[in-house]
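Starting off, we have a lone chain in the form predicted on its own, written out as structure tokens.
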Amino acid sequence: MRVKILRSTRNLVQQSGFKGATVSAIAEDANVATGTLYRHFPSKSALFSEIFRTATEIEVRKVAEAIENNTTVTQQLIAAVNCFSKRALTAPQLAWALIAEPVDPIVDADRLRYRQAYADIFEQLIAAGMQSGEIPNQHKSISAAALVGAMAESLVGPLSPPNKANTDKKKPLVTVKDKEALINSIARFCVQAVTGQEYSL
């Protein structure tokens, strides 16, 4: 039953964010009574926190895996940044929920921890680049945190749900061409930020 509740909650978050994952909607989707939900989770905040942690663990793992088949640090950095951006733009509602959607403070605390998990990946890449001479000496932990912040902030606008300013509901907020340009721009910025060199993708 617990797994069923988690599955329904994740599906709802993926469709309409945490805002759409109300207790009644979760219970209806999972075909359980609301009381059953609270027997497995002490609060909706605890449920959301578990959904957030599980989903973000997958994303962090995918970014870590993306660097494995690349040789130079620059190639690894590009692969990691591109993986983060592509996965976010492929599932924009879920990415918005994970990156920026206003939600319970317990999830905000989870966000900080998982931003650090991403930063750890980039810190290791920067350290390796400094050792190999590909990247100039710098404060690797600050640079890594800055990269994570830049990636997330660059995607907030494109991932944002439609608002009153978006009157044309049929027109996609981000076209395929826009996505490619955005992904390349983020990667280019990140590489230039840590190498100090212009880079063309």
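Here the structure is a predicted model, which means the values were calculated and not measured. The first residue of the shown sequence is 1; numbering continues from there.
Below, we turn to the form predicted together with another copy of the chain, even though it does not appear here.
Taken together, the three residues G17, T22 and F52 lack any non-hydrogen atom within 4.5 angstroms of another copy of the chain in the model of the complex.
Look at 64 to 72, 24 to 32, 133 to 141, 38 to 46: in the model of the complex, residues with non-hydrogen atoms within 4.5 angstroms of another copy of the chain sit in 133 to 141. In the model of the complex, R10 stays away from another copy of the chain, with no heavy atom inside 4.5 Å.
Put simply, V60 is far from another copy of the chain in the model of the complex: not one heavy atom of it is within 4.5 Å. V194 belongs to the set of residues with a heavy atom inside 4.5 Å of another copy of the chain in the model of the complex.
Residue contact check for S154: one or more of its heavy atoms lie within 4.5 Å of another copy of the chain in the model of the complex.
Note on contacts: among L94, L125, I78, A119, the single residue with a heavy atom within 4.5 Å of another copy of the chain in the model of the complex is A119. Contacts of stretch 108 to 128 with another copy of the chain in the model of the complex, defined by any heavy atom lying within 4.5 Å, are made by D108, L112, R115, Q116, A119, listed in sequence order.
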